[in-house]
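Just the one chain here, the form predicted alone, laid out as structure tokens.
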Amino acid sequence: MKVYRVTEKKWTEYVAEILKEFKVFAPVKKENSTDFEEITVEKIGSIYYEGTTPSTPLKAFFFPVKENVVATEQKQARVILGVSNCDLAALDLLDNIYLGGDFMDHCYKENRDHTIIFGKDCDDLKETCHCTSYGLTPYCEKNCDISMSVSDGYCYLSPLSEKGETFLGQFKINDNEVFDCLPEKVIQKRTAMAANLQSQNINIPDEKASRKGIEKENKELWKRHASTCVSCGACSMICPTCHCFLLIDLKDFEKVKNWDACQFAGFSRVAAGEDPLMKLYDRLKFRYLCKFVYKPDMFNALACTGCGRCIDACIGKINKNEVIVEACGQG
């Protein structure tokens, strides 16, 4: 493993250089959260490398809320800084769906090809963060081009792809600042954060136990939890792995891919008005089955990365972890 070390001050100068050729997006601190924004030279000082997961999932860069799939404009190269591992883990599933198999989504591929991703270490945790419950870590080891750790006034940059290695090569970082591994202090910080997450979520079932619990019928449980659901679809929109969409034909031969959600009424309605998910509690259970049963069976990838966004965003206060704990505990 190669690790480049630069001071935070020098890194700020590098970001200014990157802006001359790339669009740059990075987390910026809001009043009660952080979210991705397009960065200008004036905003470089506002980039927030600490904290947890930004509100907007990474998928929105590759699978936008609305996208004209027959547009021919040239994509501009871009860099995304500060991506958490729970978002990066979602690419295992999304890449499989959109780039694998017999039909490749050219829009998704172009968006992926034109992007350089910097992963980051999470150095804080929300009450709802639980990536370690599903075998993930609060730091990145794959699915990004460069892993970035910030500690004691330095940025430690580890290329994890050929594209990342080439990108860092342009900065001509002094050989004296290139190492074979991360410093012990960064490793200890990572280990401590993972331990904190495991301690916080000791009662959350792992993916195998979750699957068994969700597969039980438990109709009364799903009815009770669905009683506060308003079908807003926020849980799906903000989820890093949800990927359903509608393809809509508009005037002037525009064809638009638009996000859809299984929690919307009519999501599964077919000809003659038949709708296997007409009932709200069936749609709620379907969402959990999709994440822990259907997607692992179809794509060998869990469709929950433990980011906790669906819990944070739910107007009906449905706590996904509480639902699963209860489902696992019932016969």
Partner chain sequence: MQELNIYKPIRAKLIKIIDESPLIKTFVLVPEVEFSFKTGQFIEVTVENVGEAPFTPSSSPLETKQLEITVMKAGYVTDAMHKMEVGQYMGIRGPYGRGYPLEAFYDKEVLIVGGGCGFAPIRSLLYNLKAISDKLRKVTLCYGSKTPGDCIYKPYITELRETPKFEVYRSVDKTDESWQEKVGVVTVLLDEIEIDVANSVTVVCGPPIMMKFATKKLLEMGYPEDKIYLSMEKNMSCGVGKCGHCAMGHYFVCKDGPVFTYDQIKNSPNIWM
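Positions refer to the first chain, counted from 1. Everything numeric here is computed off the predicted structure, so don't read it as measured data.
One more form of this protein should be noted, the form predicted in complex with the partner chain, which is absent from this view; the next part is about it.
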Does each of Val6, Ile146 and Gly153 have at least one heavy atom within 4.5 Å of the partner chain in the model of the complex? no
Since the chain is shown here on its own, which stretch among 287-295, 300-308, 42-50, 29-37 would lie within 4.5 Å of the partner chain in the model of the complex, judged by heavy atoms? 287-295
Should Lys172 be counted as a contact of the partner chain in the model of the complex, where contact means heavy atoms within 4.5 Å? no
For Asp249, is any heavy atom within 4.5 Å of the partner chain in the model of the complex, or not? yes
In the model of the complex, does Val65 come within 4.5 Å of the partner chain, counting heavy atoms only? no
Heavy atom to heavy atom, is Ser55 within 4.5 Å of the partner chain in the model of the complex? no
Since exactly one of Ala77, Ala192, Met104, Val230 fits, which has a heavy atom within 4.5 Å of the partner chain in the model of the complex? Met104
Taking the partner chain in the model of the complex as the reference, which of Ile97, Ile238, Leu221, Val186 has a non-hydrogen atom within 4.5 Å? Ile97
Output the sequence-ordered list of residues from 234-264 with at least one heavy atom within 4.5 Å of the partner chain in the model of the complex. His243, Cys244, Phe245, Leu246, Leu247, Asp249, Leu250, Lys251, Asp252, Phe253, Lys255, Lys257, Asp260
